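Next comes just one chain, in structure tokens: the form predicted on its own.
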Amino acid sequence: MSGELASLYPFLYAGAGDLQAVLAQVRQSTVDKTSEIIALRAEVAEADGTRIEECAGRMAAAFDAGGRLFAFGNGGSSTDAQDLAGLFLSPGGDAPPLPAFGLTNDIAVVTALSNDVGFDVVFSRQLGAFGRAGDIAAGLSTSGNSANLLRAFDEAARRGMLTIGIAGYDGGKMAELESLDYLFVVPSSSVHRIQEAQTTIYHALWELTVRGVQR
């Protein structure tokens, strides 16, 4: 682990040395990472800006028709999914709160399904129980290969839900799914940059959707 950290932050493992030189390296590292994420966000906006706006329009129409959002992911993507649901539930300002649920919020359900059936079904079983035509299923994955997300999208599509995937790298297996209405891919191999850009994508979806909701 120390070797991996050293490769990421060599200035922290250089031993005793010039403090100003170390601070300069830290500063440059921060500038480089900031420049990288700005460029990546611009690339995503250029490639998918129109589709993000179109997707948000369909989300707004779904909410106006009584639809609900179900968000899901694993690990850090689970936290992002919960954040996405929270944005719609508590938008602030004059925007109306909209029905949204994070499918990892109920740990009893997640652990019961994992233990009794299998981790691959923790999202699809919940969508099978609660999802209905006109709802929205939004799943996040850095790799795009999470088996439980793939099964969830297939289940959501069978139920007539609007399906939205947000992935990294080249989209992974999510890019091969016919059950996805929209897939937004952050073209990077850095998990850190992928998740930062994914946050931008779903915040843009939220802002555009809330703006388009009529109620």
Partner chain sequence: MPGFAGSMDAAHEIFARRETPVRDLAGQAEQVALACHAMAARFHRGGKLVVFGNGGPSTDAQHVAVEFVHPVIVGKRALPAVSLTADVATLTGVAGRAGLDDVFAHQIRILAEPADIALGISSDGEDGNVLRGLVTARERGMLTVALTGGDGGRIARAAEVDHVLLARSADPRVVKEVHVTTYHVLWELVHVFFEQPGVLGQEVVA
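Positions refer to the first chain, counted from 1. It should be emphasised that the depicted structure is a prediction, and the values quoted were computed from it without experimental measurement.
Separately, the form predicted in complex with the partner chain exists; it is not shown, and the next lines address it.
Contact check for Leu23, Val44 and Gln195 against the partner chain in the predicted complex, heavy atom at 4.5 Å = Per the other structure, all of Leu23, Val44 and Gln195 touch the partner chain.
Exercise for review: Tell me, out of Ile37, Leu177, Ala157, Ala62, which residue has a non-hydrogen atom within 4.5 angstroms of the partner chain in the predicted complex.
Suggested key: It is Ile37 that has a heavy atom within 4.5 Å of the partner.
task: Sort through 159-167, 65-73, 146-154, 186-194 and report the only stretch with a non-hydrogen atom within 4.5 Å of the partner chain in the predicted complex.
output: Only one stretch qualifies here: 186-194.
So in the predicted complex, is the partner chain close enough to Gly49 to count as touching (4.5 Å, heavy atoms)?
Contact check for Gly49: yes, within 4.5 Å of the partner chain in the predicted complex.
- Look up in the predicted complex whether Lys33 has a non-hydrogen atom within 4.5 angstroms of the partner chain, and give yes or no. Answer yes; at least one heavy atom of Lys33 falls within 4.5 Å of the partner chain in the predicted complex.
message: At 4.5 Å between heavy atoms, is Thr111 in contact with the partner chain in the predicted complex?
response: Flag for Thr111 set to no.
### Task
Would you check, heavy atoms only and a 4.5 Å threshold, whether Val122 touches the partner chain in the predicted complex?
Residue-level check for Val122: no, no contact with the partner chain.
*Can you tell me which residues in 87-118 come within 4.5 angstroms of the partner chain in the predicted complex, by heavy atoms?*
Sequence-ordered list: Leu87, Pro91.
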